[in-house]
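We begin with a single chain expressed as structure tokens, specifically the form predicted alone.
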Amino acid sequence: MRMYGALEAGGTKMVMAAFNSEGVMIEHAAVPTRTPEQTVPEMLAFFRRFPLSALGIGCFGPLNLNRTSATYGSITSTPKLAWRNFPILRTFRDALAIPVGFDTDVNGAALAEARLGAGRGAENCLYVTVGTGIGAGLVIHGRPVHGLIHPEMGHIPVRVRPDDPMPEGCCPYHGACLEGMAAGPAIEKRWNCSAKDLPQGHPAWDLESDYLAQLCATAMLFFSPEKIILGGGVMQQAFLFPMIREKTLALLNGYLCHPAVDGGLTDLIVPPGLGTASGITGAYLLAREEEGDRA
């Protein structure tokens, strides 16, 4: 039976896994994301333990996804300076001598959710992760969307609430963009408390749901997704979903006419069907695709 490697390369940790050809995870491990010199050897040591046919990498970005470029497969303008311009695809392909599929971590997760999770059966779905950063992967007609680079919806402008105690935001590039206002570090900086430690009734969540509703309404008007799947550490607070749906409906103000909207968006704005495994499953699918076998 063939085996496939999967790497979910995140800004905080690197998650590695080995899958069999039936899509069953055989083993997994994680290491902290330090410098490439520290982290890459640990990851290679994991993958070398298995007779892999291909590897898939879903990576934090921004990334160069232009296959005709000399620097295809490199991380580009990331705030993690040690990884800026690092040729992550070439590094693993050269070291392991196997095909390597490559995309953003959120495009990988979106692909997994579209094929195997909450977006299964939909032609058009958006996956958003809300954690250390905010990223989005868009799948249309079964394929992740690429263009000039790739979607970066985490950095769209948002309308800052007048009562926000941190109106300047904390994105090093854009200040008060979506990520600068609603990612985990923004929540912690604003309230001097980690999101996971804030109680349900805290005003942080009303503000958070407002900014995420702006994203959902914008996405519905831009792409008309059949599913908006919200994952990541911040979205482990299940009570956020009805708050986001309610605020999204208020922003749309009756403009979009569809049974999914009339039903209160309960089947449109949803948690991941694969739970916390969306990203690593997406990396496995990228490996299968690179080998030429669409799972």
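Numbers follow the displayed sequence, beginning with 1. None of the values given here were measured: they were computed from a predicted structure.
Only in words, not in the display: the form predicted in complex with a small molecule, which the text now covers.
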Within 4.5 Å of the small molecule in the predicted bound form, do Gly131, Ala195 and Gly233 each have at least one heavy atom?
-> yes
Where does the small molecule sit in the predicted bound form: which of 28-36, 264-272, 43-51, 234-242, heavy atoms within 4.5 Å?
-> 234-242
Interface check vs the small molecule in the predicted bound form: of Gly184, Gly169, Gly154, Pro225, the one with a heavy atom inside 4.5 Å is Gly184
Looking at Asp206, Glu188, Asp164, Glu123, which is the one with a non-hydrogen atom within 4.5 Å of the small molecule in the predicted bound form?
-> Glu188
Decide whether Ser21 counts as a contact residue for the small molecule in the predicted bound form under a heavy atom distance cut-off of 4.5 Å.
-> no
